[in-house]
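Starting off, we have a lone chain in the form predicted on its own, written out as structure tokens.
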């Protein structure tokens, strides 16, 4: 296979001397299989990237979903460069700021205003503050194991936190309306918001759609009890619909948070809200030195133009379904069973009865060594740059990786 990681490992050794953990957060080596995954990237184009050792990969993580048109998209990059040719990081915003807010507040169903940030964590945290300002209440309900950012109220970590950071955050069980109703009974009159995703996509488990009208009933309860619905559309956004994923999954939020793919990898996030919460939003102070940077805003315009013109949502669904069908055929050929959940454009893959995930880790590592970058503990992403040929080649790689995995059996990694 010729897969080598010497340069990547050497860079990590240097990084470990000057950066906590060498690489922190989700991009660190702890969530993948040591010795099989590159830790540093050299460049990317389309659906592929090359690591610092020169290995080539068909990418199914795509910057954790921030890439939706493929790396180095010419039109998006040109739009950003053109905007920044006049300078950037001014003390005041430019016209791009107003134009993008106008566009998004008209495009995303039910929304009337927009506030820009840089990361999804910024947007969801601001949305929670707006909900508290609008209701005068403290409590926030979230689905257990959902990820809404890395700030103290939502982070899955615990180091450096105080009990007070999450004292008013309460978990319900996705698709279990009774768990929501119990929280309402316990905290009636003090619930500011329920933060939901368009469907449940935890890192270490299957994705789950709303069942038996769960999201619709949650919205009904919110209206009856006087709390808001915050839709964290950061991961699903623009892979389900350009009008907001809630239009596909049939619920109506008061606030919508978007990021990741909105500008094809350029740093940008946005919180959108309904007219009813505009006054509360105006009362919440929030800011960031780089939040009005207009290059990413110009990139977002170009990204949305390209997605609309090419029917990108349908393209990604088709390529994702091609991948799912191919993987299922490969699994059957090797006597295995896969469970693949979520949108075809962002599938979550696991082996049936693979309780310890050793088989999934081995399979993803074997595929990555052969040039198809599969993450073992996160949903994958498909872009409009993934061609039929890319997916066909990926399925061929998966076939060889599956053969290796089955032959090796289930063995923990040393």
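Numbering follows the first chain given and starts at 1. Bear in mind that the values here come from a model prediction, so they are computed numbers and not experimental data.
Although it is not shown, the form predicted in complex with another copy of the chain is what the next lines describe.
Participant: Of 223-231, 196-204, 317-325, 87-95, which is the one stretch near another copy of the chain in the predicted bound form, taking non-hydrogen atoms within 4.5 angstroms as near?
Facilitator: The contacting stretch is 87-95.
Participant: Could you confirm whether residue 122 comes within 4.5 Å of another copy of the chain in the predicted bound form, counting heavy atoms only?
Facilitator: Judged by the heavy-atom cut-off of 4.5 Å, residue 122 is in contact with another copy of the chain in the predicted bound form.
Participant: In the predicted bound form, is there a heavy atom of another copy of the chain that lies within 4.5 Å of any heavy atom of residue 44, even though the partner is absent here?
Facilitator: Contact with another copy of the chain, yes.
Participant: Residue-level question: is residue 293 within 4.5 Å of another copy of the chain in the predicted bound form, judged on heavy atoms?
Facilitator: Heavy-atom contact with another copy of the chain at 4.5 Å: present for residue 293.
Participant: Could you confirm whether residue 157 comes within 4.5 Å of another copy of the chain in the predicted bound form, counting heavy atoms only?
Facilitator: Because a heavy atom of residue 157 falls inside 4.5 Å of another copy of the chain in the predicted bound form, the answer is yes.
Participant: Just one of 183, 177, 242, 115 has a heavy atom within 4.5 angstroms of another copy of the chain in the predicted bound form, so which one?
Facilitator: The residue from 183, 177, 242, 115 that makes the contact is 115.
Participant: Can you pick the one in 334, 170, 132, 187 that has a heavy atom within 4.5 Å of another copy of the chain in the predicted bound form?
Facilitator: Answer to the contact question: 132.
Participant: Using a 4.5 Å cut-off on any heavy atom, which residues of 362-376 would contact another copy of the chain in the predicted bound form?
Facilitator: The one in contact is 373.
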